[in-house]
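So this first bit is one chain, no partners, the form predicted on its own, shown in structure tokens.
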């Protein structure tokens, strides 16, 4: 699949941007804070309904404006798909950030979960440092977003788990609540958590194989990357996981009451990354951490292609600057066949870019018409 058109209105510093994208490599070049990353952010918004950079949707709206819009047209399996997101600032909104959000897929109103699967993308950027060296939450999110793109039904399972967990934690914090008040939430958290654990565990097993092979190539065969899913609860199947979860919650009940939160379940799972049997987040060099994150992202691309039969769009935000000439060449080679959107501050940083790449200069939220690389 590939993007054909992208339209941004009042999105950060983009007052009005309309782009026709090339099917291969697209490079957005300009100084920092000019709006290059916003173009890639818009694609992620259309694919997942959430920005990787904004904590509140009001941050997406151009200063002084009350609304913003992203419209993306893509071609997939010989048919066009349209995704449209609009954000409006309104104090009457029931949402915590004071915005109304409207999503349409092919002109039909949709919920966030219904976005998944229409526009497939894999994004690598500065935040990937947290995937390699940050808290487990970053690695869990990587796996959860990938699973949602493969199967939108997973998004609803994970969302229901998060809601059940929130309700259970509220009961735990209600000191006057009876123990029986927890029973229905124990059942939901255990059952939904088991489904989440099984899906994650299966996916990470497959992701580990692909990421290990890609990392080996990126390191010139000198190092080995191991990716392991360390579940908070053990169990060979769903029934065993449910039993283990209920027993663990009963055993931890006093500690959970004292701390006001659930201490067992997939929200506490870890995905460990090791290079040559050394924990990457503690002992890995900066180069190893960058290479491991890239290997994971490229492995995501392979799994999406295997599951859907379509190549996802690859978003590389300020990634090329961190790679030497050899690894840039390897990355472009790995990405062959996919549409790629790349941001850089200068074309001089690119040593391996195909001559036919489309280049879009970006200045102050304005994107100039594409031109051929080195033209």
Ligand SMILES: Nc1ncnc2c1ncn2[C@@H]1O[C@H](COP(=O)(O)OP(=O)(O)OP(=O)(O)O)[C@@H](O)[C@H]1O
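Residue numbers count along the first chain shown, from 1. Everything quoted here is computed from the prediction, not taken from an experiment.
There is also a form predicted together with the ligand; it is not shown, and the following applies to it.
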**Message:** Within 4.5 Å, heavy atoms only, which of 322, 51, 308, 62 is in contact with the ligand in the predicted bound form?
**Reply:** 62
**Prompt:** Can you pick the stretch from 30 to 38, 43 to 51, 328 to 336, 308 to 316 whose heavy atoms fall within 4.5 Å of the ligand in the predicted bound form?
**Reply:** 30 to 38
**Item:** Any non-hydrogen atom of residue 13 within 4.5 angstroms of the ligand in the predicted bound form
**Value:** yes
